[in-house]
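Below you'll find only one chain, the form predicted alone, shown as structure tokens.
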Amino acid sequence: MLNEHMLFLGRNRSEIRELFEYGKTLTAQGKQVCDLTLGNPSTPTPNWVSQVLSSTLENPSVHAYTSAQGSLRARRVIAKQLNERGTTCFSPDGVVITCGAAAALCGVIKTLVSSENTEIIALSPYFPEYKVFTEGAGAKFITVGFCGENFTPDIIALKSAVTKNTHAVIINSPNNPSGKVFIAEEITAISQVLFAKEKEFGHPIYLISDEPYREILFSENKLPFIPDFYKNTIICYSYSKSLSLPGERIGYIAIPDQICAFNDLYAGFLGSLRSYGYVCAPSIFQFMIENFKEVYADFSVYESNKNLLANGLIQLGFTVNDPQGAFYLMVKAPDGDSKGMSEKAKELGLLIVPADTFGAKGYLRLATCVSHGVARDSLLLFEKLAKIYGLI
């Protein structure tokens, strides 16, 4: 009588959430825990955000419904910001404001699924919910591996993976879980594959650019503007990381004027979001977008924690990657068993997420968006872990 797949998803939380909830239980019991599981920003929300939101208390009209696709003023702000990033043209009529990046991705994927044979490809490593969103929309989820410990996309594997049933490829840069930033040469190589496959199969193949971490870049790293490389790009964005607003669920879908089937895509986004019940994103946060100021949360603690953890882990004998953005770090299980390492760490009060379900078997993800004190204390537990593995 009930949907068995939905029951399964409800009864089996993601490993991230499972460990996070376990940590909350231990904390409630008064036990010390170093929780590096959830990508929950620790830095304060910028002052201007609080000021804008406070002003709505004296403006009841802000709390009314907006258009289903979002207020025109907010969509104009978003289009203007996108047009300042590159040479590709965006208009307000190509923007849909959503209940965060998850709703944006669900709306886009459902729009692109025309049959049970539809394939959506994700480049590994990837956010595990991509699989949930894709299969929930009735499509097949396909993954493409990476090369090396800095997670370079495997272009040869991508060529083999794209078939006549491929409707989209998802790219996430800066990446969750690795913090990798795709450089221009990599975006060019991916675009060339998709251009060739579009020509071969005679239909558009969309590149879904999932960008919730795009402002969080370390050192001198630059983020290529993907629509300037590939015209059939769909941007999904969330303000949760850049403004430290993870619990507020506000984001958008944006498509450039040049994209194939512009009008049909936009209508499909509105229809799919309607089918999910995601119409009219929270109006108070649409008002925030209308009054947007180019001041983001302080990301310096993320880079400081990344450096502290990476250097400390290397000294302890662990193998780690070199993130260029976001707030995650990947560490390799010395024996290749990431789940086993997670369990050993758990016994010490250190919570780290196995990355097998991220498409990175043998690695674990560390969220570095914690306080500096938690990052520092976690190294003491990693030292105990290193002794268990005989690294020191």
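Numbers follow the displayed sequence, beginning with 1. All figures in this text were calculated on a predicted structure; none of them were measured in a lab.
The same protein also has a form predicted in complex with another copy of the chain, omitted here; what follows describes it.
- Using a 4.5 angstroms heavy atom cutoff to another copy of the chain in the predicted bound form, all of Leu2, Thr111 and Pro204 count as contacting.
- Proximity to another copy of the chain in the predicted bound form, defined as a heavy atom within 4.5 Å, singles out one entry of Ile259, Ala102, Ile187, Leu82, which is Ala102.
- For the candidate set Leu308, Ile183, Leu217, Ile284, a heavy atom within 4.5 Å of another copy of the chain in the predicted bound form is found for exactly one residue, namely Ile284.
- Heavy atoms within 4.5 Å of another copy of the chain in the predicted bound form are found in one stretch of 152-160, 221-229, 314-322, 270-278, which is 270-278.
- Though the partner is left out of this view, Glu129 does reach within 4.5 Å of another copy of the chain in the predicted bound form, counting heavy atoms only.
- For Gly10, a non-hydrogen atom is located within 4.5 Å of another copy of the chain in the predicted bound form, even though that partner is not displayed.
- In the predicted bound form, another copy of the chain sits beyond 4.5 Å of every heavy atom of Ser342.
- Contact between Ser50 and another copy of the chain in the predicted bound form is found at the 4.5 Å heavy atom cutoff.
- Along 148-186, a single residue, His167, places a heavy atom within 4.5 Å of another copy of the chain in the predicted bound form.
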